[in-house]
Ligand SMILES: CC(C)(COP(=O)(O)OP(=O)(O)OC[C@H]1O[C@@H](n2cnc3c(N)ncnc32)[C@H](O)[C@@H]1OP(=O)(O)O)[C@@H](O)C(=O)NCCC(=O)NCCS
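A lone chain, given as structure tokens: the form predicted on its own.
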Amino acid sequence: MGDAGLLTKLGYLFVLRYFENAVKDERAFGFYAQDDDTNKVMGFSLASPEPSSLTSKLTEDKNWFVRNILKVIFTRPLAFLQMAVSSITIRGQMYEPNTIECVYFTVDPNFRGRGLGRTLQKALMDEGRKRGYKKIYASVETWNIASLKATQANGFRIIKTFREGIYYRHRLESEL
């Protein structure tokens, strides 16, 4: 989908393992939109009450993790360095009880500008409310105006702007 986030920079195997872990985690939930004609995924959203647990599960199989992280260190060292910085930053973000984090939210560039992002995020928020959560958080890179607009259209407000390695992000929240 042209996602240039950190997980993508680590490589497909990390993306696949992350989403496999999310599917197994009963607390994580998400939505996707698929084109009826082509079956192509147009966009998706994913939330978790404890996003650091999804990330930490990447290291559960030590042999897999060491083998794949060594490949990253030697082929994409800046992605590895960013991962280390992001890991520290994630630990520094406090998660309140009864809150969720929108950990992934993307729309294929070919389907942007049609309100799909707002719809996917609204579905995430509605499901979070049904599950009893009171608040949702999100982080959006400052340059990502489309994602920021969609998020703010759903009632999110910027509570701070911060740097996470090479990324500059807005931290947003919304009541559910």
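These figures come from a predicted structure and were not determined experimentally. Heads up: residue numbers just count along the shown sequence, starting at 1.
Although not depicted, the form predicted in complex with the named molecule is the subject of the following passage.
Trainee: Heavy atoms within 4.5 Å of the named molecule in the model of the complex: which stretch among 29-37, 143-151, 129-137, 56-64?
Mentor: Answer to the contact question: 143-151.
Trainee: Going by a heavy atom distance of 4.5 Å, is Lys122 a contact of the named molecule in the model of the complex?
Mentor: Lys122 lies outside the contact set for the named molecule.
Trainee: Applying a 4.5 Å heavy atom distance criterion, does Thr106 contact the named molecule in the model of the complex?
Mentor: Taking the distances in the model of the complex, the answer for Thr106 is yes, it comes within 4.5 Å of the named molecule.
Trainee: Report yes if any heavy atom of Ile69 sits within 4.5 Å of a heavy atom of the named molecule in the model of the complex; otherwise report no.
Mentor: No, Ile69 sits far enough from the named molecule in the model of the complex that none of its heavy atoms falls within 4.5 Å.
Trainee: Closest heavy atom of Leu116 to the named molecule in the model of the complex, within 4.5 Å or not?
Mentor: Within the cut-off, so yes.
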